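Only one chain is given next, in structure tokens, and it is the form predicted on its own.
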């Protein structure tokens, strides 16, 4: 495009207010996706007196995309739409709202995304009423998980409980959400406009290869990165798959199989015919297949234990336990009795692992950094179901997986600086970042903070990191090994020791990334807030971090 046209577009965009820019964005997106001719520009007058708030809570970015498109379509109908992320929404405004629409996803065990947690907790405190509110909820989820769309269901229920009136019923959407989302938007706009509006074309998103596709891979390498004497096992696992597609920041997802010995013990104990077939989520499986590959039998949540207690008519403590232990202590009457409960078991929850490689440097491979989870339960040493499964795989073993795309944890432009904070297995996505930037010849500087217990036994990817430091791919590397001295030193202490440079990088536009345990991320954030407050730059710490978040410069992948 020539400079004159660029200037004309820039001048036109600058002449628009925020809501008009949102409309223009959605309008152009619609043109590109549908290839439709230019429609008439004047907005329809149907809902010109309506003002609505569209708030979104997102983890992977889909809720934000839908909310943006919804706002632009509302504008086309003459409806004034305020668009806001739930982590930026002023909670004090909720009782004043007349029309409130939210698009919210569900994570893990029915939890809201991190960006919606503050809002979710607020509406569940029950300290207020919302008699003026008219609302609607579009819930995004994944039927692979037991608590499908639970966060959206909770929000829908609670807004009603507080006195709000539903504009339309909640819409639950699976990973293929396009048609359902469009139908919901159409229903909402018809209600708001008071008359029929033009049917909306399905939401169109850019579908990259590998969205929810199940890949067939082969283990190429599986080595323990920790040296002898370490209290940990952290495995570097390389998987070969020629057609795999992902970007740095994405995760690999898989559903682990239950141990064969556990399945066989359950079959022997209950007397169930392992070849008897059952319908599970519209497919037919044998009892053995269900117990081995589909159902959660190793770590039953308390809600499932409570169901079992009712089924066997026994008083059972509300604790997390395994199905085999339950059957031994509180046996079923016979095989038929067990068959009934079998169908109340929940599917195994997929596990996600940050990808530790870049396709730019390793075509047809995906690497993982997996810590073998070990813990003691009732004086017995146990291991995490998925981490134990992965760490036991050998070269040549086959593995099924999918790619979980995460557009909320991406590298910036090549000329931007990045600060990465990733102790332990939190190093995984940053190994991918550095590989990508090395392959791209990125000009931006890279600063990594890494930590673990001991330098000699727990320095993951030490040789690679030192090579990147020597070659200049890594501009700075700060490491903290907590158990190598009397006083424990963590990554936040290293950040504090580099306070001036750290703040200077941020002030100069660096992007900040944190990956690893949630407790670590909270400690790191407290340290950064303290550094900002003491920087002498006259900044409001909380407001400054919030601004970084809203500008996409402070990104977290924590667990």
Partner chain sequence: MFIEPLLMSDAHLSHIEKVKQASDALRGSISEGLADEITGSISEDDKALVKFHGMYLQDDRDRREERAEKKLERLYSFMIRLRLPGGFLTADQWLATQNIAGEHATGVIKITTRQTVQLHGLYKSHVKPTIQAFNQASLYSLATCGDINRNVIAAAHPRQSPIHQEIHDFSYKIDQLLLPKTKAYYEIWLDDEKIADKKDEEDPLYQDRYLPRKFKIAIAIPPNNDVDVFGNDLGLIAVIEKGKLQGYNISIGGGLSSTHGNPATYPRLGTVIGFVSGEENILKTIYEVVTIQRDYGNRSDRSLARLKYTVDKMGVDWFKTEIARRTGFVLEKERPFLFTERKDYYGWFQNSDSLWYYTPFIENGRVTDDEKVAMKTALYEIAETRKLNFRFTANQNVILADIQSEDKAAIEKILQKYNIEAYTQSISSIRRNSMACVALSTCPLAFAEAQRYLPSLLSKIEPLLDKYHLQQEDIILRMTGCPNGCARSYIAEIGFIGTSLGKYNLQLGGDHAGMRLNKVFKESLDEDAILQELDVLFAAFAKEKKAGESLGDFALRKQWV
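Numbering follows the first chain given and starts at 1. All figures in this text were calculated on a predicted structure; none of them were measured in a lab.
Note that the form predicted together with its partner chain isn't included here; everything after this is about it.
Looking at 73-81, 223-231, 291-299, 107-115, the stretch with residues near its partner chain in the predicted bound form, meaning non-hydrogen atoms within 4.5 angstroms, turns out to be 223-231. Proximity to its partner chain in the predicted bound form, defined as a heavy atom within 4.5 Å, singles out one entry of 277, 314, 361, 466, which is 466. Comment: its partner chain is not present in this chain, but in the predicted bound form one of 389, 236, 351, 247 has a heavy atom within 4.5 Å of it, namely 236. Among heavy atoms of residue 479, some come within 4.5 Å of its partner chain in the predicted bound form. In the predicted bound form, at least one heavy atom of residue 494 sits within 4.5 Å of its partner chain. Within this chain, residue 475 is remote from the site of its partner chain in the predicted bound form, having no heavy atom within 4.5 Å. Put simply, residue 257 is far from its partner chain in the predicted bound form: not one heavy atom of it is within 4.5 Å.
Residues of 449-470 lying near its partner chain in the predicted bound form, listed in sequence order, are 455, 456, 457, 459, 461, 462, 463, 464, 466, 469, the criterion being any heavy atom within 4.5 Å.
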